[in-house]
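Shown below, as C-alpha cells, is a lone chain in the form predicted on its own; questions about how it binds or moves come after it.
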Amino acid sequence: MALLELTNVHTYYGQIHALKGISLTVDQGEIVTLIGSNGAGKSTTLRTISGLLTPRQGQVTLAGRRIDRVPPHTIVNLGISQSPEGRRIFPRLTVLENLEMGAYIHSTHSPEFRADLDRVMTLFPRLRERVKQKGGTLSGGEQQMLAIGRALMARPKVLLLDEPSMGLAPVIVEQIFDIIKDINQQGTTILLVEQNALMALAIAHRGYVLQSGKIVLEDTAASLQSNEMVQKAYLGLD
C-alpha cells in the first residue's frame, strides 16, 4: 500500500478544470517529483493533497486513510506538511518564531520540539546563526531554508515541496537540493514540485510529467532523464 495515493482526482478553480483525473502514488521513503510547465497543475496537486483545495471527484489517501474531505490543519496532524511556492514565511516574526509556528501541533516546551528544532538547525546551520533575526531580513536562500525547516517542525510523514529552487542562485539551489536528499535519507518521504526538472530528476526515485492537468508520463527518474520527449520539453536538450 502506498503511503500517499491520489486516485482519479479532479480539482476545479470555479469553472476551470485544473486537475483532470490525476492518479499517482508515493511510497514510504521515496522522493517523487512532479514536472511540467507553468499551469500544468503541479501546485494545484499539492494544494489538493494538503486540503487547501477540495477535489470534486476522486480521492486522496494517506496510509490508507481518506483525507480529501479533511481540514488542512487535521491533515498536518495526520502527517503531511508543505513548504509552499514563494516560501511564504512570516516576515515580521523571527526565525525561531517561524519555526515555532510550524510546530504548533506540539508544545514548544516538549522534548519533541527541542529535538525537532535541533534537527532543523543541524540541517540549516545558517538558521542557527540567524535565530533571532526577522524572517523578512533573510536572503532568498535563507528564507527557503526557513520555509522547509518550518514544514519539518510538524514531523511530517510526507513533506510537500513546491518550487524550492525558485528565484535562487545556482550555488544555493545545489545546497537546497543536497539538504532535500539528506532529509529523505533521514526517513522523510518527499513529493517535490520543481521547474528545474534536471535537478529534480537527479535526486528523485520516480517522477510524473503533468500537462494541462493530466499525467502524460510516469517512470523512474533515470528513465525520464533519458526520455526524448522529457529531454526536449523540460531538460533543454535536443
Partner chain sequence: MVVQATTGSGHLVGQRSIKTILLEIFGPLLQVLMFVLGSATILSLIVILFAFVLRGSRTDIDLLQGTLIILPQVIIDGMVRGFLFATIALGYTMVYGVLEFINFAHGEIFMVGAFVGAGFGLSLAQQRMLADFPPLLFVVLAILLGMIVSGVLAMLTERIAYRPLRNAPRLVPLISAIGMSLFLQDLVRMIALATGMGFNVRFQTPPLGGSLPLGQIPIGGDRFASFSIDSRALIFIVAAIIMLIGLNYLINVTRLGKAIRAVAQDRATASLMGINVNRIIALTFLIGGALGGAAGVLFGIRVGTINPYVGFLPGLKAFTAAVLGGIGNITGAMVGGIVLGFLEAFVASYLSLFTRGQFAGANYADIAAFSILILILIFRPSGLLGEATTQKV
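Positions refer to the first chain, counted from 1. Since the structure is predicted, the reported quantities are computational estimates derived from the model, not experimental observations.
One more form of this protein should be noted, the form predicted in complex with its partner chain, which is absent from this view; the next part is about it.
Engineer: So which of 117, 168, 123, 138 gets a non-hydrogen atom within 4.5 Å of its partner chain in the model of the complex?
Structural biologist: For this set of options, the contacting one is 117.
Engineer: With the partner left out here, if you bring back its partner chain in the model of the complex, are 52, 100 and 132 all within 4.5 Å of it by some heavy atom?
Structural biologist: Yes, the whole candidate spot contacts its partner chain.
Engineer: With the cut-off set at 4.5 Å between non-hydrogen atoms, does residue 105 touch its partner chain in the model of the complex?
Structural biologist: Within the cut-off, so yes.
Engineer: My question is simply whether residue 78 lines the interface with its partner chain in the model of the complex - judged by any non-hydrogen atom within 4.5 Å.
Structural biologist: It does not: once its partner chain is placed as it appears in the model of the complex, residue 78 has no heavy atom within 4.5 Å of it.
Engineer: Is residue 144 close enough to its partner chain in the model of the complex to count, meaning some heavy atom within 4.5 Å?
Structural biologist: Residue-level check for residue 144: no, no contact with its partner chain.
Engineer: Wondering, does residue 156 line up within 4.5 Å of its partner chain in the model of the complex on heavy atoms?
Structural biologist: Answer no; every heavy atom of residue 156 is more than 4.5 Å from its partner chain in the model of the complex.
Engineer: Does anything in 78 to 95 come within 4.5 Å of its partner chain in the model of the complex by heavy atoms, and if so which residues, in order?
Structural biologist: Counting only heavy atoms within 4.5 Å of its partner chain in the model of the complex, the contacting residues of 78 to 95 are 82, 84, 88, 90, 91, 92, 93.
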